[in-house]
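Starting off, we have a lone chain in the form predicted on its own, written out as structure tokens.
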């Protein structure tokens, strides 16, 4: 493993770890706030117990997310000085605003954790809601910075130097709206369905049935709603990628030859050597329609780009197919959820479906970030700076990678242990 691959692996592992906790940090406070709201309205002690259960989870996961997010910030400077040389002065604004949102989130969570019986109930509830709002805003600013890497804006590129910098235009770049919408919905979808799946499993086992059924309903309203909306957000994102990063779209779809009435290939594996798709099912004209709203529109293929500018086609295509397959399955599950809500009863088989879907949203988030980041290669700033030119010249990156894998695994084990401990406390209180 050379230093470039090791640096990329370190960043990928760090981001893949942190994104889970970032999604949880954006979504769990809203679940907690809904449970708290219902307690204040109905005075049902089960909702109070659920609020405090989720509150403790939010506190633990907030701490882990803060640590892993801080590490990512340092890694940008340590591993990619060539990137920060250009990007630092341009995208400093979203990072500074993200830091402000994180600071407010930390204050809000402190007030909520220690504000019980010390402030008005509804003021206390508001501090919990603010934890979710500020976490959501923080995520939006981070995605704005990533969007700039995919669609750089807000400067003039003159002889390899960024001039006339406009940080506002840089932050509100053209990739930001669709990436932000797609990611925020993905967080709601993944965490809502994961929490719903966990409580469905506990309910099926007869553990604290009343608490877990109430928790299931709260979590799945958010998770199922986001699952239904996500395919539409994904379509908007696909249209934007077709316009802003056609090489990425071509890799996502395994589209080698520029053509009109381009076919959408479902499944299959791209063969880069023969520049063909194997074992896929072709749907004529559908790629043109989805990318450009016209069955006969031209879709740019990889043949329009030098081979050295191609993303890793196989990785991007497989990750994209995984994301789309999971998104479609979870959208169907979301529709079924509201169907059974309307009927007033959840069949046991459907609850097992919810359990099976619990990890899928997280897998889809990871696959989506693979598409976003690997699909941009070989560029770290799309079309301007190559990844290999941005990596640190300091040797020994493989040791750095190994150290971070060990540290993150230890952090993951500690997190699971703490969460299990909190769950056992609630289980003892509410029975099972």
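Model, not experiment: these values are computed from the prediction. Positions refer to the first chain, counted from 1.
There is another form of this protein, the form predicted in complex with a small molecule, and it is not shown here; the text below is about that form.
Which residue, 108, 237, 216, 264, has a heavy atom that falls within 4.5 Å of the small molecule in the predicted complex?
Of 108, 237, 216, 264, the residue with a heavy atom within 4.5 Å of the small molecule in the predicted complex is 237.
Select from the listed residues 186, 208, 287, 170 the one whose heavy atoms reach within 4.5 Å of the small molecule in the predicted complex.
Selected option: 186.
Counting only heavy atoms and a 4.5 Å cutoff, which of 319 to 327, 268 to 276, 208 to 216, 339 to 347 contacts the small molecule in the predicted complex?
Only one stretch passes the 4.5 Å heavy-atom test: 319 to 327.
Using the partner position in the predicted complex, report whether residue 369 sits within 4.5 Å of the small molecule, counting heavy atoms only.
Yes, residue 369 lies within 4.5 Å of the small molecule in the predicted complex.
Would you classify residue 92 as touching the small molecule in the predicted complex, given a 4.5 Å non-hydrogen atom cut-off?
Residue 92: no, not in contact with the small molecule in the predicted complex.
Within 4.5 Å, heavy atoms only: does residue 31 come near the small molecule in the predicted complex?
Contact check for residue 31: no, nothing within 4.5 Å of the small molecule in the predicted complex.
So in the predicted complex, does residue 364 come within 4.5 Å of the small molecule, heavy atom to heavy atom?
Although the small molecule is absent here, residue 364 would touch it in the predicted complex, with heavy atoms inside 4.5 Å.
Residues 178, 182 and 248 are flagged as a possible site; in the predicted complex, is every one of them within 4.5 Å of the small molecule by some non-hydrogen atom?
Yes: 178, 182 and 248 each sit within 4.5 Å of the small molecule in the predicted complex.
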